[in-house]
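In structure tokens, one chain follows: the form predicted alone.
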């Protein structure tokens, strides 16, 4: 029986599914350090991860390893050059979390715009003594301009929600989307600089790559309206968190909402010192239905990639499909 590692706690019923096909080594505790992950991968044919870094050293130490299935859309935790060089397949779990993540992005954007976290903290501290006409004045979403950076499936889901708020939608993407999608979403393609200057609310939904590191830094924040908000539901590292702290502290922009951070789960401690920010612990996809769908899709990818189940040899979501069928190198 082939051996697999499940590197994180996941739903026990998904583990039972995997046990029908594999000898399962399941980590039910804390996130494994890199050396332990490498050690436990050494005799495995496959692995299921959830953001755990897998690089050249881990692949070299695991000669039997043929597939690593990531329970996430993003896969910047994989060294894909090393995966390709070793003929190890990587898979991910796109699409099943689009709507839940878009819902959460919308909630985070609204919370930042309407100062929900800031006002709740103030209320909990016992400071609410009277109503005031100028108490916690925020900004409207209805009739404003939404700027979406990264018009993939989640970005498009956000743009669809903007219709109900009568928002103008502008977007920037690595490449322009099809004209019929623009027409459906009533979205205008613009440069990043134009988007930052015009948008009342900027939402980031682009993948993390070396090229996208600090896509939003001090120079970009300086282009934004003082009344604008910034929401990041993409990946940590896309925003220069230190520059964002300074922009929020100086009121260069009005507010921000972050679900992801550089170096998470650690975060820049200065983020905790500015009141005009909403912080959440990477939970944009965190509904039970969506997380179950992600776990089961990750299992489907792993089962199929290792030649088991009804889709044997045809995993639903290969990242580097060119290695399928090639001998491990």
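Numbering follows the first chain given and starts at 1. Model, not experiment: these values are computed from the prediction.
As for the form predicted in complex with ligand 8YV, it is not shown, yet the points below apply to it.
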Looking at 61-69, 272-280, 24-32, 48-56, which one sits within 4.5 Å of ligand 8YV in the predicted complex if you count heavy atoms only?
-> 48-56
Among the candidate residues 253, 170, 73, 162, which is the single one with a non-hydrogen atom no more than 4.5 Å from ligand 8YV in the predicted complex?
-> 73
Thinking of 17, 18 and 303 as one candidate spot, does ligand 8YV come within 4.5 Å of a heavy atom in every one of them in the predicted complex?
-> no
Does residue 291 reach ligand 8YV in the predicted complex, with heavy atoms at most 4.5 Å apart?
-> yes
Is residue 201 one of the residues lying within 4.5 Å of ligand 8YV in the predicted complex, judged by heavy atom distances?
-> no
State yes or no: in the predicted complex, is some non-hydrogen atom of residue 97 no more than 4.5 angstroms from a non-hydrogen atom of ligand 8YV?
-> yes
Of 201-239, which residues get within 4.5 Å of ligand 8YV in the predicted complex if you count heavy atoms?
-> 235
